[in-house]
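Okay, so we've got the same protein chain twice, two forms, each given alone as structure tokens, structure 1 and structure 2.
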Structure 1
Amino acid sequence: MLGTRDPAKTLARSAPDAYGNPPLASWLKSQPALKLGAFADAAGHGELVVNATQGTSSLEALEKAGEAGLNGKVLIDVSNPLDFSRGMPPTLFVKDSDSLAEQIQRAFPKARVVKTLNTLNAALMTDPGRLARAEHSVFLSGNDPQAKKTVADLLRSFGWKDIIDLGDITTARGTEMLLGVWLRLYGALNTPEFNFKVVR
């Protein structure tokens, strides 16, 4: 189930999105297994919750999702604390001595937050084989070893081969700050279809 602020309003949109994709209502027609609900519906529905909201709105969206729907669950956080208000490329509104992942973990201490997949483009997240036979890396940060194992199994089911556990949730400071070079590479390579392989 996909969560949104106001499902009726989301479904009423008829214009393409910012990337020229058809409106969500059209796409949902081709996805009979997928439901759209309010944030709280989606969180309550899920055995596992993914925060794929814009970083500036993540805490608000998760508050709307509600503790009841998040407590005890694995919460995969793929968001980035990008601040577009100061021009391009965006800066980070939290960094270095704190991270958005830690803000989320502090706001929902009973959720089992795992930061992952925030260092690459959406299309690659569930289909790493689009690039170099999946010979590239993805990172895990989180305080709960079992939650990280659940997420690593999910990532392997998508085809990920090189999954690097960086440690506790504070290590998300590293992967969120990686956006700095990701954004410049996006500019230099003129495509978001790339990823980092940790060669060792």
Structure 2
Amino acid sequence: MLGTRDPAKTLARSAPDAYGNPPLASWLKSQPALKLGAFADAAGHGELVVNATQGTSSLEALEKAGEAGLNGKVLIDVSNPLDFSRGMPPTLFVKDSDSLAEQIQRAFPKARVVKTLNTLNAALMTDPGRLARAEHSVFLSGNDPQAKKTVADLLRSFGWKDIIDLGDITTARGTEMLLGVWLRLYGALNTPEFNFKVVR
């Protein structure tokens, strides 16, 4: 189930999104197993919750999802604390001594937050094989070892092989700060179809 602030308003959109994708209502017609609901509906529905909201709105969206729907669940956080208020490239609204993932964990202490997949383009998240020339890396940060195992198993089911557990949730500061490099690589390469590879 996908969550949104206002399902009716979302379904009423008829124009492509900012990336040229078809309206969500059109896409949902090709995905009969998928439902659209409010944030609280989506959080209550799933065994696992994915926060794929814009970083500036993540805490608000999760508050709307409600603690009851998040407590005890693995919460995969793929968001980034990007601040577009001064244009491009964006800056980070939290860094160095804190991270958005830590803010989420503090706000929802009973959720089992795992930061991952925030250092690459959305198209690669569930299809790492799109970059066929090299095995590339994905990172995990979180306080709960079992939650990280659950997420690692999910990542492996997508085809990820090089999964690097960085440690507790404070290590998300590092992966969130990689976005500065990622954005500049995007500009230099003129494509989002790339990722980091850690060579040992």
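Just so we're on the same page, residue numbers count up from 1 along structure 1's sequence. Only residues modelled in both forms are compared. Quick caveat: nothing in here was measured; it's all calculated off a predicted structure. Between two forms, the rigid core is defined as the largest C-alpha subset superposing within 1.5 Å.
Inset, instruction - Look at both copies of the chain and name the one that is the form predicted on its own. - result: Answer to the question: structure 2 is the form predicted on its own, whereas structure 1 comes from elsewhere.
Legend entry - Shared-residue segments moving between structure 1 and structure 2, Cα shift 2 Å or more over 3+ consecutive positions, core-fitted: Run shifting 2 Å or more: just 132-134.
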